[in-house]
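Next up: just one chain, as structure tokens, the form predicted on its own.
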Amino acid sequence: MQSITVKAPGRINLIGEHTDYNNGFVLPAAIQMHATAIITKRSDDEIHLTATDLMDSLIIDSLANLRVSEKQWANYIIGVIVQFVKKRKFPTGFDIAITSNVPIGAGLSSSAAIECAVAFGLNELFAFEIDKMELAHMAQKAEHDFAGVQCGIMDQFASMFGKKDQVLLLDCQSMEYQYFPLDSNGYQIILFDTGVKHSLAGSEYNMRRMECEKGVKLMQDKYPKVLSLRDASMQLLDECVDQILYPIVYQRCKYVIEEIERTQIATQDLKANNLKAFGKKMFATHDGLSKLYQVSCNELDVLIDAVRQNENVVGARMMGGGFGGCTINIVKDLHAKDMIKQVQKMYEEKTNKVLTYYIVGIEEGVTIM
């Protein structure tokens, strides 16, 4: 085999936001939008990278000469290659051409889709026999080291392990996971894109992580068994983190502790096919992200307020790292078109921005084409 074509999806996350790097639970699913990597072996030691959509390319003259590039798109690929170099020896160089229809900056994990397509493709092409769980961790490490974002494992995991019409409950502490069917019969999952492009590497994402770690340290000083917010409770938080001395740290931790519990309970709603109860938890998540975790923005809040009282919307919240991107909405199928028109009109009136939207389906994870 001299060439391989792999597609890896973006993801939505129904509930469980900013809990992954706190060892909590997340409930993502792979979507039909995906990145495609065409990887071809070379006869020399060079690596040729091409971003087809951007009409840009990069040549690396040797596998021994891998370093951070000025081209940000290339770093998602180089970061993955470096992870392989640490574990395996490439017998030759290779060409990688990337294309993607996952919107950039919309909170749909366009970067994880690229990383997972490349990781899975290189593993298959060179028969390295690394399992998918390790590949997901390698893709995550690539994001840490080369994109500068200390992301949790959720995005890469969902892209690798997604299943059609199923959501994944992932325990980010044990890495145990289980699938739950999402019966969307009579409903559509609609994403409203604020048009505000977030850049997690340049945002306060890493700051939120540090604030959570500070809260853990304050609890750990008294209760050494608290290793992450997964091990905490509201009782411990109230006892150990003074709201007057550390108001911001308290708010961040409060949101995460509540969200970890909310995500676990939400799976029972799916089991019971109670989307109405599930939707209420989505709204509660948004309120926590906006008021306590403070990763929302005016445009996201406008979109949630626009649907909060709409009886045809069972649940909605901001999704992704925050500071822009999309809201996710579960909407009654028969009323979706009218609802979209109403929200678009309201959004333009309040923000002077044109509102785009995506209707998403839940699809398979990474696959060979």
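Numbers follow the displayed sequence, beginning with 1. Owing to the predicted nature of the structure, the values given are computational and were not obtained by experimental measurement.
Unshown form predicted in complex with alpha-D-galactopyranose; subsequent notes refer to it.
S.K.: Check each of F161, Y250, F126, Y205 and return the one that places a heavy atom within 4.5 angstroms of alpha-D-galactopyranose in the model of the complex.
M.R.: That would be Y205.
S.K.: If the cut-off is 4.5 angstroms on heavy atoms, which of these, P103, G279, G152, G93, is the one near alpha-D-galactopyranose in the model of the complex?
M.R.: That would be G152.
S.K.: In the model of the complex, is there a heavy atom of alpha-D-galactopyranose that lies within 4.5 Å of any heavy atom of G325, even though the partner is absent here?
M.R.: G325 lies outside the contact set for alpha-D-galactopyranose.
S.K.: With the cut-off set at 4.5 Å between non-hydrogen atoms, does G320 touch alpha-D-galactopyranose in the model of the complex?
M.R.: G320: contacts alpha-D-galactopyranose in the model of the complex.
S.K.: Could you confirm whether Y347 comes within 4.5 Å of alpha-D-galactopyranose in the model of the complex, counting heavy atoms only?
M.R.: Heavy-atom contact with alpha-D-galactopyranose at 4.5 Å: absent for Y347.
S.K.: Please determine whether Y358 contacts alpha-D-galactopyranose in the model of the complex, using a 4.5 Å cut-off between heavy atoms.
M.R.: Y358 lies outside the contact set for alpha-D-galactopyranose.
S.K.: 152-160, 217-225, 129-137, 279-287: which one contacts alpha-D-galactopyranose in the model of the complex at 4.5 Å, heavy atom to heavy atom?
M.R.: So the stretch in question is 152-160.
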